[in-house]
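Here are two versions of the same chain, shown separately as structure tokens and labelled structure 1 and structure 2.
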Structure 1
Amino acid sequence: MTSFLKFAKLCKDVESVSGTLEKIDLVAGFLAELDESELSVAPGFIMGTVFSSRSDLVMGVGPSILYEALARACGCPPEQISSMLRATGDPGLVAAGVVQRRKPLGFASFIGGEQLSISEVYQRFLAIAHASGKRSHDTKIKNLQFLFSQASPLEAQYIARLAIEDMRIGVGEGGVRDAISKAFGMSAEDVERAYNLTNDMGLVAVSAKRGTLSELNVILNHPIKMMLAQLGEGIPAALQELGTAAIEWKYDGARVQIHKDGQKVRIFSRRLENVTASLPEIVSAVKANIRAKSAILDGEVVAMLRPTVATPVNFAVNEIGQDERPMAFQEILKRFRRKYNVEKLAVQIPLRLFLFDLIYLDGKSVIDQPLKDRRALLEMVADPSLLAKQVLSNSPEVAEEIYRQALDAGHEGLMLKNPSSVYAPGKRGKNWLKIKPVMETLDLVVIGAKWGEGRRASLLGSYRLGCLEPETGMLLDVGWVATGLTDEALSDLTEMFKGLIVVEKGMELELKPAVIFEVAYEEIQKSPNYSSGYALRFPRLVAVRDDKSIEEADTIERVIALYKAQRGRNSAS
């Protein structure tokens, strides 16, 4: 039995080396020594996902539960915990500090008492995830409290990070995959394939140890990674690449993977979370309109603004009415997140389902069949009312026409797919090309910044952006940009902004407006959280526009005009 202390030491070592290969070596050495039951949980622990998306279990521990458990286990006043948190910004270090104060002379593991094992910690996490109903809050706290009362400071550091599933040791999915392949002498491709099919790193590790990786396949009721699309370089180039393509609308909605097992239906989101309870009309539509005993279906749900469908549980034929438009993306997210009063929201935000692929049918995986055969099977089992329309053509004119129709209807663009391609779980490749209009970039003023965390604590990790209100000369914020930046770029930017700091409040800084960032984004959304009333979705830094002065920044009027122009959407939301 491997102690949790050994795992905590591994995490500390991994955290302290900076090279990816060194990290992988350390993890591989650790995994190679575990027995099968430990191996089924440790890879998830390392990635900070205690429960695989196969299990439907959710830890449900937020900072407040964590700190209450710590306070109780160590008799530490909550105010002290809050001030430690302000000082370190790291829940793991807070936990280590609190536990350290509780037992200055030693802890169980030092004085030869019972040590926590990896399996025991996992059992406690299971009890936390299973806690439900009125007493669930208490049950979660009691289990965590037990763990903290047994833990050494180092163990407490990683118990806390695991509880909130944020490990910060710099090893993600790819790193753990490589470590498994190294530990058990399997090829990285085989490990990746197995993981994309099962989404369970523990299962993959155990199978790698047994040498049975190739036996893993699609499993009904367990989500598999979704196939993804690459950005095409326009219709002619994409068709040149593909020859004859399966042309479909790129619907403006949210991805769903639907598992039908007899009369039982489960729906998973793009992030492979189980969202079945939030989408009752999709469950009913699948039960009523899929003629298969078992199937895994891939598609998009779209929220429709003025639906011609009478009730949300009753699907009409999948012709989109003239007056129907997709609602803004946030509306669908509201549906996905809603746990209570789902029926009421379903009336306000009705959803339509468009199926475009089939992964599994009547007991068998069909991922290795070409798209055109999967589509034929899909057409056999699914009522036409649920099918995404598809046209096979190599003509740029035909594709242009479908593209125009999709944009006119308020959707995102086109998907051009290779009809001979297999379904490649988790892969973003040339067999699915997306075509969509390029959003114009915005030139925005950097008005604030935030220090990074962990490894990036000494770097400014994200930047607050503002647009200009010409009448007043004020800068109105439109959100933060954090992505698109390498450590090296961040360190240059940090140097540049150090001289512009106006005030520092905790982790956040106010900056003298002097620098313009050119920012790309996926969409502009209305947002009450920012003084402009708008926010950028998925912003990323394109360039630092040293050549531009603040007066040349984009105005709030331009933000509003772009918001209105995006994809001809009705801007009711």
Structure 2
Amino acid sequence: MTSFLKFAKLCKDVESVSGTLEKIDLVAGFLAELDESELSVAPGFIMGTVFSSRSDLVMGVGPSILYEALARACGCPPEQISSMLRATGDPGLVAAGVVQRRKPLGFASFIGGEQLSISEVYQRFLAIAHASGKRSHDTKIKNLQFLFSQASPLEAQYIARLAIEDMRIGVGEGGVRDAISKAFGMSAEDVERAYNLTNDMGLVAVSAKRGTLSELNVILNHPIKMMLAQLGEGIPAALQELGTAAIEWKYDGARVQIHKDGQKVRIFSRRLENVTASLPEIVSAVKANIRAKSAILDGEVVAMLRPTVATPVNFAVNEIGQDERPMAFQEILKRFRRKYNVEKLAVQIPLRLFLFDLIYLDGKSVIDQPLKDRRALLEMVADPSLLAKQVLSNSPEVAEEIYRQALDAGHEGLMLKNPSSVYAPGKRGKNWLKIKPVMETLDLVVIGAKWGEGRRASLLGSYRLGCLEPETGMLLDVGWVATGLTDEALSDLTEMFKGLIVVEKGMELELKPAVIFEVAYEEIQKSPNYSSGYALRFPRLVAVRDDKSIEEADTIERVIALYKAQRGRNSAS
């Protein structure tokens, strides 16, 4: 059984080296020594993810719970914790400092240094995730209190960071993938494919250790990463690239992955969160209109504004009426967030389902079949009322007409897909191209905020944004956004971010990275003021994309590519 102290020492060592290859070597050496039970947990811990995406479990620990548990475990006044936070800005360092000073001293693990194991910490986190009801708050605090009471300062540092799932050691999915590859002699490509299919890096690591990585495949009732589209340069260029394309509307909706297992239906969001309870009419539509015994379906739900609201369970036809328009994207997200009085909100914000792909059918994965064959299978098992309309053509004129129809109906544009392409989980490439008329936007992670002034003094008025460094998982800031926000929007955002405040220094806050903003801008400029080296000129909030996971944030590479592209356009003009 491996001690948690050994894991904490690994984290300290990884955090202290700057080179990516050095980090990977350290992680690989650690993983290679673990038994299977620990190996199923440690890769997630290293990435700062306690539970895999294929689990419905969430930690649900905010900074306030963390600090209360620390105060109780160590006899430290909350004011002292707040003071330490302002000084360090790091919950982990605060936990280490508080445990170092705790009273009374003499706990067994503090002396012996190896009482807590990786498995024991994980079991406490399981108890925290399973806590529910009126006593859930106390249950979470008591389990954290126990861990802190047993931990050495170094262990406490990483227990605290794990509890709020913000490790800060500079190892992301890519780094853990390469470490598993190195530890067990597997190709990085095979490790990545296995992870995209299972969304469980612990399962992937155990399979790599056993030499059974190739046996991992799509599993019913466990979400897989969704295939993603790349922005096309226009219809003529896209068709020149693809030749004959499968042409579909790009709906102004929210992506869903639907798992049907007999009469049991589970729905997952783009972030692979279980949202089944929030979408009862979609569950009913799938039960009534999908003839397969078991299937995994890919599609989009759209909030449709109708002149008279009928019961949204039955979709008689899939033609959108002329008087029907998609509601604002934020209205859809209200449905995804709603946990109570769902039926009432379903009447106000009725949803329609448009299916466009099939991932699994009656016991078999179909991701390696070409799109045209997957579409044929989808048409066999799904009622036409649920299908996104698709046209095969190589004609720019045909595509332009469908594009115009989509925009006239209030949707975003077109999808142009390669009919011969396999379904590539988690991949963004030229096999799926999206065509939109809007200017380039960036999906950026909110990592900080500032309180407003004057009448907005009680609201968070501006937000610090970060892009992703994919290998390390670090977030590099690219500036602030404060425009495009009404008082009502600021009030909603302030409420959303209250539970994500990590540290407050005067007017400025550091936030737990959990929410993505889609941001428009006039220009990208080089800037020494931000860790990315770039800044957005006149940024404006377009949408809160809490349907997207942090891993889907735009990368520093995309920021640089857009910067170079705009320079090319400017010099050409």
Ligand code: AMP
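This is a predicted model, so every value here is computed, not measured. For clarity, a rigid core is taken as the largest C-alpha set superposing within 1.5 Å between two forms. Please note that residue numbering is based on structure 1, beginning with 1 at the start of its sequence.
Chemist: If only one of the two is the form predicted together with the named molecule, which is it?
Modeler: Of the two forms shown, it is structure 1 that corresponds to the form predicted together with the named molecule, while structure 2 does not.
Chemist: Has the Cα of Y530 moved 2 Å or more between structure 1 and structure 2, judged after a core fit?
Modeler: After core superposition, the C-alpha of Y530 moves 2 Å or more between structure 1 and structure 2.
Chemist: Once the core is superposed between structure 1 and structure 2, does E518 show a C-alpha displacement of at least 2 Å?
Modeler: E518 C-alpha, core-superposed: shift of 2 Å or more.
Chemist: Superposing on the rigid core, does the Cα of A188 end up 2 Å or more away between structure 1 and structure 2?
Modeler: The answer is no, as the C-alpha of A188 shifts between structure 1 and structure 2 by less than 2 Å after core alignment.
Chemist: With both forms fitted on the core, how large is the C-alpha shift of M507 between structure 1 and structure 2 in Å?
Modeler: Here the C-alpha difference is 7.3 Å.
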